[in-house]
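What follows is a single chain, given as structure tokens, in the form predicted alone.
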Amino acid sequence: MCQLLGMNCNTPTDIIFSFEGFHRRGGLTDHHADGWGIAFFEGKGCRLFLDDKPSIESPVAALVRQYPIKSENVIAHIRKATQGVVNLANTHPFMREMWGQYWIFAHNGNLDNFAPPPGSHYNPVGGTDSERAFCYILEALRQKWSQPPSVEELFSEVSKLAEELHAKGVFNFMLSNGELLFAHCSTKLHYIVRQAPFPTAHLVDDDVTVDFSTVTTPRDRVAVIATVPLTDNEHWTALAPGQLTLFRDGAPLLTATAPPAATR
């Protein structure tokens, strides 16, 4: 399966520490070597970096590691291909426009026999089940609302769509419009919220430690979401299978958990 990484903050923050460990999972500390990508929201804009090379040997990853881009919402993905060939068109995260906003999506898992009909607004460019799922979600939201709904209405609808797709296979995903970050767990996903008093953190994938109290202010709050915890000396919270959590301003805002498949 692929690896997911997300960050949601209440103030623009760089992700260099987390990415230093995360990028090593693309061919060094793990076997995910079929491409990678990362998206940084900056205001209404979005920087999207993609490469179909393993992240551990990607020159683009080397650039990101040296470039302290500050963002309030980040989604990154390391691919282990299950559907679709290894190329840029099939590399996550995927980006589309809806309601005058950029939307970013990345998926870890596999949806069996998922072939929705062509949409009126959104259709996949590549050949992955992941991009088909992204287009399916956006198409459903766009058909329901022509303008952005309330956060609560949007969360309720995304929760229904996540439950529907979760029933078709493994569907861990992250979705963001630059203000909100949705994280859905099908099999494995963890998060941590860092805020004052800030800890010292040590990476699992490399012998690197950072004292966050030296690079933050007391008002900062940062939520980091990852398939597998990135540090070995902090407490990460595991999302339950079927759980959808919405993050805003560096903290969980709304949560819903679908009932187990056997009781539906």
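Remember, it's a predicted structure, so these values are computed and weren't measured experimentally. Residue numbers here begin at 1 and follow the sequence given.
Omitted here: the form predicted in complex with a further copy of the same chain. The next part is about that form.
4.5 Å heavy atom contact with a further copy of the same chain in the model of the complex for all of 180, 219 and 250: No, because 180, 219 and 250 lack any heavy atom that approaches a further copy of the same chain to within 4.5 Å in the model of the complex.
Can you pick the one in 191, 171, 105, 122 that has a heavy atom within 4.5 Å of a further copy of the same chain in the model of the complex? Going through each option in turn, the one that passes is 122.
Among 85, 151, 167, 88, which has at least one heavy atom within 4.5 Å of a further copy of the same chain in the model of the complex? For this set of options, the contacting one is 88.
Would you mind picking out the stretch of 108 to 116, 154 to 162, 95 to 103, 180 to 188 that comes within 4.5 angstroms of a further copy of the same chain in the model of the complex, counting non-hydrogen atoms? Correct option: 95 to 103.
Just checking whether residue 53 would be counted as a contact of a further copy of the same chain in the model of the complex - the rule being heavy atoms within 4.5 angstroms. Output for residue 53 is yes: heavy atoms within 4.5 Å of a further copy of the same chain.
Residue 201 near a further copy of the same chain in the model of the complex, any heavy atom under 4.5 Å? Because no heavy atom of residue 201 falls inside 4.5 Å of a further copy of the same chain in the model of the complex, the answer is no.
Check residue 197 for me: does it contact a further copy of the same chain in the model of the complex (non-hydrogen atoms, 4.5 angstroms)? Close contact is absent here: in the model of the complex, residue 197 is far from a further copy of the same chain, nothing within 4.5 Å, heavy atoms only.
Wondering, does residue 72 line up within 4.5 Å of a further copy of the same chain in the model of the complex on heavy atoms? Residue-level check for residue 72: no, no contact with a further copy of the same chain.
Just to make sure I understand: among 44 to 77, which residues lie within 4.5 Å of a further copy of the same chain in the model of the complex, judging by heavy atoms? Going through 44 to 77 in order - heavy atoms within 4.5 Å of a further copy of the same chain in the model of the complex - the hits are 44, 45, 46, 47, 48, 49, 50, 51, 52, 53, 59, 60, 63, 67.
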